[in-house]
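Here we start with a single chain on its own, the form predicted on its own, put down as structure tokens.
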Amino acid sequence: MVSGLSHAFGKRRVLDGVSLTVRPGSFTVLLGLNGAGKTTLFALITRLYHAREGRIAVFGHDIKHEPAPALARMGVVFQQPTLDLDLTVEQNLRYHAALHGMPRRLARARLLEELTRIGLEGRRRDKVRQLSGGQRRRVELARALLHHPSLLLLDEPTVGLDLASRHFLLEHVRSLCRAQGIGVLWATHLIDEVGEDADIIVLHQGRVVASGRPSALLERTGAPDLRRAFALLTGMENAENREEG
């Protein structure tokens, strides 16, 4: 999917030779501290930024040379909210459907399907500003799934949500991997969102420093748990020791 990707803002190199693959049906966690380069990576994959070094391909479609079919295969939930607060839930979803060229009848069926899955079919005529933060996130997820993507990208999707909303979102996305075979790239800095069945990519200071299942990271670092392994891989363990000394 991503091969040798690098990016800089002026002289500051934000990503350095990043390579990763998200398999169909896999829950892949991009784990990194704030400032690791996760959001920049998402911006490049979704073509908000232009990638000058490296290659990005989505199910065989090069994002640089075949942007339309590549983007059509992915759904995205960005870190910052992107819903129009003054439109209803249904209007937000219909606008997204129109961008993907979906006929009105199909769009209506799909939006009802997705809103029912997240328990918000009864709120479809409410303006988005009337919803809670967790409900708005659910709507963003429904919107991202409206056109039946094969790849789902979520950038720190649980930031600012309460525990119940975090749990719902995480379990709902995991169920999509199992039931529909969607490949998921979930960016986070929270260890408890990983799960034992996840594929982990540890991004630190713009570089992939480790990848694999949790068991592989524990074996590599000799750590007793994933939290300690992550600390060792990102240098947090050394920083904590210096502070204690």
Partner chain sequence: MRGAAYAICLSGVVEREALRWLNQRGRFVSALVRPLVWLAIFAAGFHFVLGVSIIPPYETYIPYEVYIAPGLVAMILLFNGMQSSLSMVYDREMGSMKTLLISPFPRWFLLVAKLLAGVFVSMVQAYIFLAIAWFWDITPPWAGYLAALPALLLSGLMLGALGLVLSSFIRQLENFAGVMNFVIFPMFFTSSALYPLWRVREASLPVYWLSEINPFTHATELIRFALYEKFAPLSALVVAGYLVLFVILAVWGYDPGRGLMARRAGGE
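Positions refer to the first chain, counted from 1. If you're wondering where the values come from, they're calculated on a predicted model, not measured in any experiment.
The same protein also has a form predicted in complex with its partner chain, omitted here; what follows describes it.
A heavy atom within 4.5 Å of its partner chain in the predicted complex is found for exactly one of D86, E113, E171, D162: D86. Only one of S150, Q91, Q135, T158 lies close to its partner chain in the predicted complex, with a heavy atom inside 4.5 Å, and it is Q91.
For the chain shown alone, H50 is a contact residue for its partner chain in the predicted complex, at least one non-hydrogen atom being within 4.5 angstroms.
Mapping the unseen interface onto this chain, T82 counts among the residues with a heavy atom inside 4.5 Å of its partner chain in the predicted complex.
Residue contact with its partner chain in the predicted complex: R108 places no heavy atom within 4.5 Å of it. Heavy atoms of H100 reach within 4.5 Å of its partner chain in the predicted complex, making it an interface residue. Looking at 63-71, 216-224, 173-181, 195-203, the stretch with residues near its partner chain in the predicted complex, meaning non-hydrogen atoms within 4.5 angstroms, turns out to be 63-71.
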